[in-house]
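First, one chain by itself: the form predicted alone, in structure tokens.
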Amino acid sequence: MAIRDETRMLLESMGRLFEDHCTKQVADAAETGVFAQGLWDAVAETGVPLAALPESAGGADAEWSDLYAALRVAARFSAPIPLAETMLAGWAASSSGLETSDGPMTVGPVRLSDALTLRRDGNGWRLSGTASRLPYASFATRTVLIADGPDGEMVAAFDGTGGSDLAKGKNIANESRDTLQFNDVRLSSDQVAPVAGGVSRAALYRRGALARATMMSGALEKAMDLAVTYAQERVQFGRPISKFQAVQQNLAVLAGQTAAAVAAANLGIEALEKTSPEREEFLIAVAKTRVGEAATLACEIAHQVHGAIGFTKEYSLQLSTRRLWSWREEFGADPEWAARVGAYACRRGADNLWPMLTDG
């Protein structure tokens, strides 16, 4: 995927920002449940979290390809902030004419099994159901949810957790994953609107899966860099372990898996809003499946190269690999998206297999 000069400048700027603000101290504090407010403030000041919104809504009409590329940079630094979720929440709320927030936001549902319903109550609405494993919900200044209304899907956007019952949780990377239970919670008319602008639960799920695939590709790049650097510096039997053929072979496999993951994620990004929803889902399914497969193999190799030190808290490899293991399961695990790839191929039939692979 060719990178425009504007995109390159953005990524270089974001890289410097994360290098300055996403320090080991910030990562260690986030591991204990402290929100990285300083890091978030620095990122928010750039305007990137809401850059995809139209100028009338406080955004910059930025290309989604640029924003997903920024997510890859954030993932290289294991940034403990809901950047992807805020981007998606802003898109869902703004497209439907609802207010957003300059602070961190969360969005859902992120699981297909979750059910949320809205019913009319005079001039307002009543929200019921469960939104589980919402990223950083306990720290969000605004929550945006897609629920089933009386005439179709609707978007609900409210401050904080909106009067829900909050059950805090974490993934294995110690990132906040909270569950909100709504029991007939009342919302005003200006907090609810019909979906618009291409927003739907299915579209949110696709974009969330693509965000995770892109972030995983960034974490894979970081894990590969760490493994290569360590192999060049670690001396065994009088020479760097990078000189041993077995290590070289493993590093070559790691590099190949990382390159494949980046290419697959880029394919999904290029398809976003530029093809039919069915084709878009297919390419995002390919990305999520292929990146998940790469993560499984790459984490194993990276830790093999590092030995015991790779698992220690003091060394940064585990920040990347624990996120890879966590993100692999979010917005649909590999088997679910692999099944969608297969279903798409079956619908098109055997005679269309080659055009399916090469189309667009």
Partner chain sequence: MVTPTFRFDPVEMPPEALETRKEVRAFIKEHEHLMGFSRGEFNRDFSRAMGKKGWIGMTWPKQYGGHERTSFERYVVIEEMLVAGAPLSAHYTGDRQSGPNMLRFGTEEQKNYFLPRIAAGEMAFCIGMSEPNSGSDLAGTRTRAQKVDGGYKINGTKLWTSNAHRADYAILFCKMAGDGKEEPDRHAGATQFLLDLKSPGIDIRPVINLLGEHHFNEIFLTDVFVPDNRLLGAEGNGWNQLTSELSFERSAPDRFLVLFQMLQQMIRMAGPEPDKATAAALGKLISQLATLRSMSVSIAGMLQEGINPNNESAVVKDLGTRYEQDIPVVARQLFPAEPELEAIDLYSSMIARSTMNAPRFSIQGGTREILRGIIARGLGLR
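Remember, it's a predicted structure, so these values are computed and weren't measured experimentally. Residue numbers count along the first chain shown, from 1.
The protein also exists as the form predicted together with its partner chain; that form is not presented, and the subsequent description refers to it.
- In terms of contact with its partner chain in the predicted complex, the residue from Leu116, Val286, Met154, Val73 that brings a heavy atom within 4.5 Å is Val286.
- Proximity to its partner chain in the predicted complex, defined as a heavy atom within 4.5 Å, singles out one entry of Glu221, Glu175, Asp178, Glu280, which is Glu221.
- Taking non-hydrogen atoms only, Gly342 approaches its partner chain to within 4.5 angstroms in the predicted complex.
- Put simply, Arg290 is close to its partner chain in the predicted complex: some heavy atom of it is within 4.5 Å.
- The closest non-hydrogen atom of Asp351 lies within 4.5 Å of its partner chain in the predicted complex.
- In the predicted complex, its partner chain lies farther than 4.5 Å from every heavy atom of Asp102.
- Shown alone, this chain has one stretch from 85-93, 154-162, 191-199, 253-261 that lies within 4.5 Å of its partner chain in the predicted complex by heavy atoms: 253-261.
- Residues Met224, Asp225, Val228, Thr229, Gln232, Ser242, Lys243, Gln248, Gln249, Leu251, Ala252, Val253, Ala255, Gly256, Gln257 of 223-258 are found to place at least one heavy atom within 4.5 Å of its partner chain in the predicted complex.
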